[in-house]
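Below you'll find only one chain, the form predicted on its own, shown as structure tokens.
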Amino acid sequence: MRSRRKEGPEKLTGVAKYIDDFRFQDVLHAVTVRATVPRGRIKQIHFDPSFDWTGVVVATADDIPGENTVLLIERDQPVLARDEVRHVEEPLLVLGHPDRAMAYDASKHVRIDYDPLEPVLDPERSSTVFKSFEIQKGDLEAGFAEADAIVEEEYRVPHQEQAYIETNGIAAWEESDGTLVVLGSMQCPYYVHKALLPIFPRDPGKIRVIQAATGGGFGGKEEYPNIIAAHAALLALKAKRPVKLVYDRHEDMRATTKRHPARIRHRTGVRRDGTLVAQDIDVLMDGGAYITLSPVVLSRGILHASGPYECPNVRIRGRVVATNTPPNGAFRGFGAPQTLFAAELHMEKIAKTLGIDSVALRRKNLFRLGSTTATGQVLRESVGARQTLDRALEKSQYSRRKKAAARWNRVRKNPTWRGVGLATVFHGAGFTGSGEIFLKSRAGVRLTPAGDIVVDAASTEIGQGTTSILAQIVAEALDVPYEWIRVETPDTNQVPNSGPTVASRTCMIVGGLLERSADKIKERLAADGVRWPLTRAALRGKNLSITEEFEKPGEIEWDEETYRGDAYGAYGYATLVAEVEVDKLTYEVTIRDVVTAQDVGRAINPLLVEGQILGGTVQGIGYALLENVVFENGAMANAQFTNYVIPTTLDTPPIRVEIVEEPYSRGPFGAKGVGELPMDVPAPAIVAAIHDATGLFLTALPALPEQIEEAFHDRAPRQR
């Protein structure tokens, strides 16, 4: 069903209110004063005596009433640094003034003296391991012993900036009854609520977190709003007036989390016919200065590191370490784009080593029903890997285009080289292993006496269509018009905790809870004698609410200690074919065409699914070819969109989307997740296409013209 987006008209007409659209009486505009060194001890904070500090309110770590910690997985990150600085841009104090310009001016008159310490900026040199994992399957050495060839390579992937349209921003104030209210741009209101409790000890009901209209997140607003909310609330309590803290683009890019850079090594044993017999993979991720979500990013990274292929003998080791750079965090794909880039490029290398076609190599090893993953999970249903491969090959006319590119390349006077590349990936939907059991998410459906049907969930609309999808699921389950459904604003005082809006879980997990709730509502109504087709009049006077809690499916088993078992309830699959053209003079890469086929289970709203796939594909193109975070002495040096380049419409090729529907029995109407899957597949396909065009095997992202030129000079390309 291609229903109109619930929130669309308000956004289109400018009625939707983002955090900076809210006006508060007597508000203070806050600015964060940050560290300027990557590592050091704070000696003294100076406030310029020549500056007029009238009207300026300052909050430091000494003003925190509870714990000076940003609670997430661990408690290692301070709200405001008191003694030691671990990265450039670490928050030291927050100040506010009624005039935003004056607040910024005041921040320039604060000087920090440090005792500098030697920073660790290279993850290979770090001795602080935040988290490590190891996956074991079969007998690795026996696998290598029966291999006809062993193929080894090292791959590197960089930071990536989320580049959401709206920067981070939060407002905070205290109500007359002592309730601390936080309103802002965020993905996970209950994460913020949980983080604020130890900082501002009070009854949980006296902390209220509300999501404002949010202009994109991509993971960048998963955990970072915790710290912004703490800063705004701290200053609001000290000033006893509302505070608004909105980052400008430069601050947002320099200070907030990014995709974890990683180094991934593959050593693969393979038979002459292409059968995989041993995979030994080592993953190193740079977590930055504090843990944040690094353990779970690494976890998802290693769980996808072997690619969507069956191999009897596997070892995957991963560790994420500390460096004196701003902490890295959640970003669409959550570790999988990093390791899947390496996995898919390595399939190209294996094919080249064996002298066989890379499509045939994939087809021989690709997951099918009954396959066993690296963790020992048997894939019992909804395995659409081969369907996506077949569909993408057919719709792209892969073989014909490969031959045409080869003919083009044989003409030496042509100004470009052309090539066609392909990648196939998988992506687990929902939280890993026992994560959903730990969360115990709750969501419900409510009938009001006025006859309204209301969805109660904390899942947030951040541009991906959550509001519309959840409404569609309830409408379909109740067999009523979509327009009858209203979705409650994510407000911790109004809705149950349906868990964070992350991990491609909203449709599959939260949607499943709502489907169950709606089914029970329907049963109750039927028991009361209500008949279908339902009318609004039949609902008036009803006062009924059903809330469902996540329950572990009986067939899912996961061992957190050994990392064995069912890592995810279901996986999405995707194949992408890219055709590129590389300029012989400038080495600039132009993408001529993209075809992608993606298995998302039942597509609840095909238009929104297509939108997610298009958006993720474009973000993946940026990751592959354009986005290059430059660090100097531990800080992002190109924190503007003038020199941190993201794809525009001019960089976006024609993208043809094929939706493959292999339903998942536990998802609402068979749906799986789609949010992250599209991000995983473009980069390896594009780099494979560059290989096809030029003969260069690039092992690091982004594939900038400079890197291609350097590779040409260093690696003696084939003659043309």
Partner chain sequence: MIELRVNGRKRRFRGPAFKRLLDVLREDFRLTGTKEGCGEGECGACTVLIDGEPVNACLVPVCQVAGRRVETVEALGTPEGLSPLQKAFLEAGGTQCGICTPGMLVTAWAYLRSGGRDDPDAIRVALSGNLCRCTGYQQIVESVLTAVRRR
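Being a predicted model, the structure only gives us computed values, none of them experimental. Numbering follows the first chain given and starts at 1.
What comes next is about the form predicted together with its partner chain, which does not appear here.
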Which one, 295-303, 192-200, 636-644, 277-285, holds residues whose non-hydrogen atoms are within 4.5 Å of its partner chain in the predicted bound form? 636-644
For a quick test of understanding: in the predicted bound form, does each of A322, F426 and T699 have a heavy atom within 4.5 Å of its partner chain? no
Identify which of A103, A163, L92, V359 has a heavy atom within 4.5 Å of its partner chain in the predicted bound form; exactly one of them does. A163
Of the options E548, E627, E515, E348, which one has a non-hydrogen atom that comes within 4.5 Å of its partner chain in the predicted bound form? E627
Answer yes if any heavy atom of G216 is within 4.5 Å of a heavy atom of its partner chain in the predicted bound form; otherwise answer no. yes
How about P49 - does it come within 4.5 Å of its partner chain in the predicted bound form, if we only consider non-hydrogen atoms? no
Using the partner position in the predicted bound form, report whether L379 sits within 4.5 Å of its partner chain, counting heavy atoms only. no
Proximity of D21 to its partner chain in the predicted bound form, heavy atoms at 4.5 Å: yes
Mind listing which residues of 597-624 have a heavy atom within 4.5 Å of its partner chain in the predicted bound form? L607, E610, G611, Q612, L614, G615, V618, Q619
